[in-house]
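Given next, in structure tokens, is a single chain: the form predicted on its own.
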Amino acid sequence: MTVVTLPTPKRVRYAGFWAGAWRRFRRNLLAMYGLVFVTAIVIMAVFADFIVPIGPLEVDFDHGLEPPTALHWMGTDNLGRDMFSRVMYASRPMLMVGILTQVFSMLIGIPLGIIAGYKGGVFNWVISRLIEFFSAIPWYLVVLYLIMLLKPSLENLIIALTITSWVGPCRVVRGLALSVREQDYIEAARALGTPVWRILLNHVLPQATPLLLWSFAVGIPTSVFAEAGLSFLGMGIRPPDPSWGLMLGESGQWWMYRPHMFVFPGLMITLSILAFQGLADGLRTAIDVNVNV
């Protein structure tokens, strides 16, 4: 009698959540482009002092409106300032507005949303009405009006954007807290006398982390676009400090015969918004557990 020996089945190893998320993320070409470009922008902003050959505020009237040359890689503006240096330094306020706005929005929106969703009652009603109010009105007009009331500056721009940006993370956390508080394990935790703050910290907030990460990433291109648009209108970064939107505004009367003055800052705005948006879309796909790729 012949005994047939079956091969031992290979042990199946299941990837964790973050390992699977990274696998899905790196298969997204637009997301990888966003990651590479954003990393380059951060390096450019941090090490601009060591990269640029000429200071961004140095004026040279004898070489104004020069096209790109070996000395001035992106040409000069109407005051003879080096466009390459100004483009490099302009990445700093862009990143500050984009990142700090989202950080402050998270610090405001997460506590309000998690308390409103878990506790309910009058506080939840008030937060819900505030979310509906800020969602019903155009946020850009609100930011523009606040900047008009305050003095146009980088700090006031961040404050104005924060006032309108906290709604996103607040809505995400509130909705999740409303569903989680009815779960059996939450009831068991309350029955065991677990403090409310520990329930929120250990059970509610970890489940909201992937969505909050996506909300953080998707809010950055909106803030970048707002900073560029308001600076273009003269309501954001004040001259002589460099800003891509401000540089576009300054090129208004020269673009017909000196196109380099608007091509380079316009290209940086477009590529940056595309990179941050691609990064956000990649994160949305990566944290979606229903996507099996």
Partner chain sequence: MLRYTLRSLGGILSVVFLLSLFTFVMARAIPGGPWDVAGNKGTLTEHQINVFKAKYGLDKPVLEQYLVWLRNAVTLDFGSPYMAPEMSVTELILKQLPYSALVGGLAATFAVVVGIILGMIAAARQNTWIDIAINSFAVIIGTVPGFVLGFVLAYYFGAKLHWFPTGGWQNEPKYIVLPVLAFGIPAIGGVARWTRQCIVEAMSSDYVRTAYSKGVRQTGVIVRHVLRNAAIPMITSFLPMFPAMMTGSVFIERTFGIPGLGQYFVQSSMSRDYPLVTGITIFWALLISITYLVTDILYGIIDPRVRLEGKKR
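Residue numbers count along the first chain shown, from 1. Worth saying up front: this structure is predicted, and the values here are computed from it rather than measured.
One more form of this protein, predicted in complex with its partner chain, exists but is not displayed; see below.
Here is the short version: of 43, 51, 233, 54, the single residue with a heavy atom within 4.5 Å of its partner chain in the predicted complex is 233. Its partner chain in the predicted complex comes within 4.5 Å of a heavy atom belonging to residue 141. For the chain shown alone, residue 191 is not a contact residue for its partner chain in the predicted complex, no non-hydrogen atom being within 4.5 angstroms. Of the heavy atoms in residue 32, none are within 4.5 Å of its partner chain in the predicted complex. The closest heavy atom approach of residue 197 to its partner chain in the predicted complex falls outside 4.5 Å. For the three marked residues, 269, 274 and 277, a heavy atom of each sits within 4.5 Å of its partner chain in the predicted complex. Shown alone, this chain has one stretch from 80 to 88, 177 to 185, 210 to 218, 133 to 141 that lies within 4.5 Å of its partner chain in the predicted complex by heavy atoms: 133 to 141. Annotation for 237 to 263: interface residues with its partner chain in the predicted complex are 248, 251, 255, 256, 259, 262 [heavy atom within 4.5 Å].
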